[in-house]
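Only one chain comes next, encoded as structure tokens, the form predicted on its own.
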Amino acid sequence: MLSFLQEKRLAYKPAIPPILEDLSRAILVPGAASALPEPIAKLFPKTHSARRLAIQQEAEQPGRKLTVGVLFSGGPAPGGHNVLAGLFDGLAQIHPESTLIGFLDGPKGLIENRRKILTASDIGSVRNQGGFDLIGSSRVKIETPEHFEAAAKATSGLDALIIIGGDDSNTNAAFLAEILPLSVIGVPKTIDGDLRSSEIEISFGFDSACKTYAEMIGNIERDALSTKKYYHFIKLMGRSASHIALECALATQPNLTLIGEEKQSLSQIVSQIVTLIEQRKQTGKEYGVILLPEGLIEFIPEIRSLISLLNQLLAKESKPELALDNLGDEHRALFFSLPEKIQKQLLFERDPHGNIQVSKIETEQFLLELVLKQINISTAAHFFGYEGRSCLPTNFDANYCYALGKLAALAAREKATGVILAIRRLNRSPSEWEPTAVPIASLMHFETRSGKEKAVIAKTLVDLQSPAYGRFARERDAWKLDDAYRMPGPIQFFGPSDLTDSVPLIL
């Protein structure tokens, strides 16, 4: 049973670039070729010479019936259902007898060939809604010969496969494009905001998630101002980059925000927090709000070094405890200075790539313990993560995702493969957006996974030279002692465009 707001959102008509309105009059044209490093180019002999694709209007193109598969991969991000809606509408526009097939539960469903033909009724039930629940998702990686063989069988007879996911998912798409005799097209999804490039200005879902977190942070700031007795340590999603923390800081102006990319030592971070608390106490304020990204611990130089060494050692040792015998004195001292729970997480909890699951480390509790050793304060710890992944998408994400879906239909018709879709000029009105497609291989580099070098899409960190970070750096000192808290409030869907159509602040 839908809520009144959900029903209202079903009727929302996304705004998209005019050139995507009528796909029968649009074509993709190749631009400059990407110059790839030779080791990357060797891995992608079929697609390494792919060119950036631009879209332009032409005379009406003859339509042809298409059969296209689509899947979600990884965690949910607001707006995903609108990618399906745009894709469905785009395919129908190209040819009314086109078929859209959803692979159930993401890559796992592709390997097992579990599928569902998506109907107008299916799509009509999820327009402008949050979540990935229409077809589901999973974090299964398609990487073994058996997986690739299964994917080939499942996609037999399809004209294209659309993979909606983050950096690992689109890395999978690049390798699938080398093997499958059909178009493989990626769509940039992740609330973390770390799937970015000169062409991909932001991944979808980031705006909605950050606005959801910012509402909660603003509420906590007002509570802190009202009760005047707690220091709130708030950890935000951002496994590998601090984009969410930066965006939420600009939106809410807390007393302190730690940006992992500044690469402060552990002692510097603790000293910074303790100094803030002492300075505020001198002005009669024994409360405050501190933001930190979940991946902060991996940016701390000495801990990053320890994690890197443990990843190497654990890739070789069958028993994790044996890895400790090969640590040097400095790394051993650091390891045993950490709380016991974190020691266990560093040794025993691994991700599918064999690396330490940094996202599961309770960084906020870890820092709290260190701070409380130096100063006595009343504290509360929070982690905002899942709360923002499946919310109703903002107008920005609803528009952006629908445009990506229409662009995916066009790319399928044009037989593009090994590309990831992008839209530029997102800080402007949708009427000025510029759709494009970028070779996935051009985003890749080599990274250590399970002790081996693997080609993956590079995660984009916060640029300390960017205007967004520059604004934060200029203003943050004033937020320390002055309670300049801002309450953005909940996501707005009705009212003045300044409220309903705002773009991410980092854009």
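These figures come from a predicted structure and were not determined experimentally. Start at 1 and count along the sequence shown; that's the residue number.
We do not show the form predicted in complex with another copy of the chain, though everything after this point is about it.
Contact with another copy of the chain in the model of the complex, defined as a heavy atom within 4.5 Å, is made by none of Arg64, Asn82 and Ile94. For the candidate set Met216, Leu310, Leu368, Ile277, a heavy atom within 4.5 Å of another copy of the chain in the model of the complex is found for exactly one residue, namely Met216. When another copy of the chain is considered in the model of the complex, only one residue from His331, Lys281, Lys116, Lys228 comes within 4.5 Å through any heavy atom, namely Lys228. The closest non-hydrogen atom of Arg304 lies beyond 4.5 Å of another copy of the chain in the model of the complex. In the model of the complex, no heavy atom of Ile297 sits within 4.5 Å of another copy of the chain. Taking the partner from elsewhere, Pro17 is found to have every heavy atom lying beyond 4.5 Å of another copy of the chain in the model of the complex. Although the partner is absent here, Leu327 lies well away from another copy of the chain in the model of the complex, with no heavy atom inside 4.5 Å. Stretch-level contact check against another copy of the chain in the model of the complex with heavy atoms at 4.5 Å: of 241-249, 131-139, 262-270, 95-103, the positive one is 131-139. Scanning 377-410 for heavy atoms within 4.5 Å of another copy of the chain in the model of the complex gives Ala380, His382, Phe384, Tyr386, Glu387, Arg389, Ser390, Cys391, Leu392 in sequence order.
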